[in-house]
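Both blocks below hold the same protein chain, though in two forms, and each is given as structure tokens: structure 1 and structure 2.
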Structure 1
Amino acid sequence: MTTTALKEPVRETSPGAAREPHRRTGRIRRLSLPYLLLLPALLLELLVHLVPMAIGIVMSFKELTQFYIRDWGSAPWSGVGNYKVSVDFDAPVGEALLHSFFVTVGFTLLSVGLCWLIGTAAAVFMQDTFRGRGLLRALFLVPYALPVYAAVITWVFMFQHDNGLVNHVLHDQLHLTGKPSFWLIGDNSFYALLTVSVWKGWPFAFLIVTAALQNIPHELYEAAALDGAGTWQRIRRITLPSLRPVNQVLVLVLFLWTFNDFNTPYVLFGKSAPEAADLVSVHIYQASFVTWNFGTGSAMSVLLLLFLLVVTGVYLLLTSRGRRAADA
């Protein structure tokens, strides 16, 4: 008697199914490669910005003075005491901080407005082709390309009372002032700071607006000219509406840079800025490194951070609503 063994049918594997795991692995590698390339930058950002920010927030809750510099971790906790001192506007510390805040707001609004206005006007003017346009563009970008310290130190010499170029031109040559002015002290220090800030900031606006103008079709201007639109009408009806998305980002960046600017007033006036040019950044520096009260200075820095976050959030919310309303 013979028995026949039942054999299981052999399943054939297609070449495509065999290559499927390799394809999945390759897809995972391609998707993870950008994140791996960004990892060093993220780690540096963590070490350079986020870790010091967290340490500063912790310091704002401590009574950290010059007596605890060597071992700041042993400084006693003050809770929200530093914040109460900073926002007590009836006390000298809070009153000085409030004055510095108002000076910074006024300075920032004027500087950002003038930078945007001059940069946009220069970009629109340079849109037409004429001889020497490339050279003029390069000269316009010189203030932005110069190192901040070298540029501001040059302005310090120009603002000197006795032999500065500004007084030489305004008083000796043009006779616009009755006597040479003190530009680095007193009320004139605000105008000196504003001049330097606009001088080194408007080329950035010029650069961004110039790049944005390249995306506007030239046919729109030709059609508007055929319809009889003048230069100002073309700018108002075509150029400015087309630049609105770029201008929204540009204004926000200029605002944050100008409000946080420390290098310009510090190099221009030194450690103690005049009362008329007492920006928040220099005021926080003085509260921390001149009076050696790092706890109060850290609390002021955190308040400044919160203010900028709120302003940025409100600005983005309003601009997004305006953009949706314009699209609807």
Structure 2
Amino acid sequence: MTTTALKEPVRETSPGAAREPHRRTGRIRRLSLPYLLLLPALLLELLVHLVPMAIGIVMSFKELTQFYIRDWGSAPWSGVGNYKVSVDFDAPVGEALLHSFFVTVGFTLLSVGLCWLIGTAAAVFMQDTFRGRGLLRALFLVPYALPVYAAVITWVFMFQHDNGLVNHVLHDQLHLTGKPSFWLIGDNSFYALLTVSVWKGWPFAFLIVTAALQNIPHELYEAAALDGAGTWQRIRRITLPSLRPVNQVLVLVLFLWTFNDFNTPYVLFGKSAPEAADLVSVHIYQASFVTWNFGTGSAMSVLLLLFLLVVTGVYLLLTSRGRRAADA
């Protein structure tokens, strides 16, 4: 868009020999302006993202423990040693990383799927006008608006074994469990984490899908209704295909956020999560900041970054190919 806008005036004016130098500086100025305007953002990007990332990559090749953190540059090089340790799946460090990776993948797929499903269903449902819709819509956004820490700590209270609301309801009132369950330790911690993650994540999906729904022309639905399409058919044939471009972005964003989510597990379980809910983000944090093995932690971070880059790349490739096919 920028380039066409810039080219147009050049094409319109006829070349005049006398004014050539002046016009050239003008042109350079015009061409460089967007970059000049981008410069602050680029500089900040460099400072906030690229430099730390480069430092992280350098660290991943160093033997960085508490003996060197005060002056990390002096830490001895370990070559690919940290990477070897991280991907040696027969040894405990690699094995634990692989385990936490699979937990994270399973957790992310379930969480994103449920967030999307609930968010979309709610958005479709809220399309019809009814009394109290505004209030309900505002209420839906509460989990998204609450500070993460406050929200998750409340969940911690609810998940407590002895005095928690969850056990009170499931065990004392509904008699669904034989004895009160543990939610914050042991195997159930996975479901506790999933519950909080979905509770926190679906309003975002709801918000985005609601916005997208408002862009679908109403005539489409009217025409479909005239042709005798039912509700389900209208959702399947009009709503979902129209949502596709938005959904592609939404799912990718949710995926990245959930995969990297650190706050939720950290506030729920503290610095050492139960094995069943040992997400990669906390796992790396633990490797770096709790056992003070910063080199190995950095190597794990780099591996995670590479994985996410590949997933994102493949995803974007697939979805853009799908879109091109649809356009053709």
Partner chain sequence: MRSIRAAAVGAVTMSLALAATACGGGSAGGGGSDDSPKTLTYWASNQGSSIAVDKKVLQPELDKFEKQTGIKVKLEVVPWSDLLNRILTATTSGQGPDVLNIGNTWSASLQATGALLPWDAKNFAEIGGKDRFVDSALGSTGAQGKDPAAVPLYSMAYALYYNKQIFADAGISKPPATWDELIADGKKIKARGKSVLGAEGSNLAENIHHVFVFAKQHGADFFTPDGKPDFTDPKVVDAVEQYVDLMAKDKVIPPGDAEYAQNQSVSDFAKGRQAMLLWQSAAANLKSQGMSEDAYGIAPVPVRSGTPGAGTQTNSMVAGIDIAVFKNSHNLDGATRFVKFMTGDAEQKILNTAYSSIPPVKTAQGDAAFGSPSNAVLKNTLATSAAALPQVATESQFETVVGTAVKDLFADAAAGRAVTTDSVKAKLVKAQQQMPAA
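Reference numbering: structure 1, starting with residue 1. Model, not experiment: these values are computed from the prediction. Each form is matched to the other, and the largest set of C-alpha atoms that superpose within 1.5 Å is called the rigid core.
**Student:** Only one of the two shown forms is the form predicted in complex with the partner chain, so please name it by number.
**Tutor:** Comparing the pair, one sees that structure 2 is the form predicted in complex with the partner chain and the remaining one is not.
**Student:** Is it true that L38 shifts between structure 1 and structure 2 by 2 Å or more at the Cα, once the core is aligned?
**Tutor:** After core superposition, the displacement of the L38 C-alpha between structure 1 and structure 2 reaches the 2 Å mark, so yes.
**Student:** Look at the Cα of L47 between structure 1 and structure 2 with the rigid core superposed and state its shift in Å.
**Tutor:** Core-aligned C-alpha shift comes out at 2.3 Å.
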